[in-house]
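The chain below stands alone, shown as structure tokens; this is the form predicted alone.
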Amino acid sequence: MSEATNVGATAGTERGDGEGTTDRNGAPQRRLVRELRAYVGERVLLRGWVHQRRDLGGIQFLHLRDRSGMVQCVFEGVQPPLHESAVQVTGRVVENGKAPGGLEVHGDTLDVISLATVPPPVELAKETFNTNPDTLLEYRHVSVRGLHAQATLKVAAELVRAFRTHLQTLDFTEIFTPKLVAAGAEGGANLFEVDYYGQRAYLAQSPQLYKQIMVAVFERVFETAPVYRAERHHTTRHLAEYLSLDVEFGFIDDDGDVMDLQERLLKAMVDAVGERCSRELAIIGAELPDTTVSFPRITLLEARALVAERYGHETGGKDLDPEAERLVGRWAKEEHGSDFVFVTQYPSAARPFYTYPTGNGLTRGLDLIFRGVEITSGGQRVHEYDVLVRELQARGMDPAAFKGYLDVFQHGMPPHGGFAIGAERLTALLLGIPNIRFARAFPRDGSRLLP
């Protein structure tokens, strides 16, 4: 740490000893805001940022923010530095029911570690999801420090941690697949083309083909990695780059096994957030779904009929439109008390070539809808070489372009299936964030490449 500059003190300069513990230089050991309840009546040393400051007739109130939370510090005759300056405070912890968290620190020294020389472009103390989104995103390098942003990213990190942990307890192996590929996994035009040593290549839409290959190695695999979609439209639910939580596993009986695993996994992830992110949930004011109820299942044809008969919404085509998704989610909540619902048996035209066909124009492809929005897509995959070739040709795709992938299916691939979760979309829906861009630290969309 660089040498601190003292900017004022009202009660001497000796340092508290924090239960007698010191660092290797003999100075009192730093305490985090979340630890202060254990030190009521004692002197502590804190380090963090000036989140907010007020001057009330010679008494200065400074809200200090560190990685664990925020506490009010009270001084007399001290002028706190600009917002977002990095500071060090020593003082005594006292209880105050009117202070944030019920505690405050009566400060005696305030040292500047790193001085902010200009005020932040966004008033972080008032940062909410209702602030002008363009302003927050333009200055994301600073606005990401806000409590709402910090809480959101902490929840997202916990979702990913719980995703890994739960799958590892089920003997899944984490894999790492290429993000520079020769062809898209799902076809279509939403590919980012790149120059790969003079050859045409693409940023990966999905690890789908590789994770299927790896089923023949480990049987059960998962990956957490970014994927890329050159989306032509700007919506509050799409990103050009997002974190995909991918799962694939072999020796399944049918798509029911895929839904069973998804349900157990999502419940474990939500429960982990409830157990480990209570502070973040309180900051955002989010309410978690009830994980004690089962996820209902409904076929696509049944869903179309349901939204028409019950809610008067006609939806055609090969998929559900956003309003139909919302209404199916409403039905699941009204009839089953569930924020989640599976929609199954999508037509072949709506699914990638590797989705298992049932022979009647339908597939064992499925989506999981959460609070009225699709958050996972998956199902059972084709594991027979001849069927894959036929499905590619039926879509006008050249099997030769998938040779490395197809060859695997001539070497004993088991029945298998899987799914992918968009981490940012799940986070946004879980926390009630209206724009998916705020579920990622530095979002990328059709018009944003900075910061």
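Computed from a predicted structure; not experimentally measured. One rule holds for the numbers: they count along the sequence shown, beginning at 1.
Form predicted in complex with ligand AMO: not shown, discussed below.
Stretch 234 to 242 is the contacting one of 108 to 116, 292 to 300, 156 to 164, 234 to 242, since its residues have non-hydrogen atoms within 4.5 Å of ligand AMO in the predicted bound form.
This chain is drawn without ligand AMO; in the predicted bound form, the residue among Gln345, Ser143, Ser206, Ser338 with a heavy atom within 4.5 Å of it is Ser206. Checking Asp246, Asp255, Glu104, Glu280 for any heavy atom within 4.5 Å of ligand AMO in the predicted bound form turns up a single hit: Asp246. Among residues of the shown chain, Arg330 is not one whose heavy atoms approach ligand AMO to within 4.5 Å in the predicted bound form. Put simply, Arg229 is close to ligand AMO in the predicted bound form: some heavy atom of it is within 4.5 Å. Using a 4.5 angstroms threshold between heavy atoms, Gly422 counts as touching ligand AMO in the predicted bound form. Contact between Gly48 and ligand AMO in the predicted bound form is not found at the 4.5 Å heavy atom cutoff. Taking ligand AMO as it sits in the predicted bound form, the stretch 340 to 374 comes within 4.5 angstroms of it through a non-hydrogen atom at Tyr354, Glu374.
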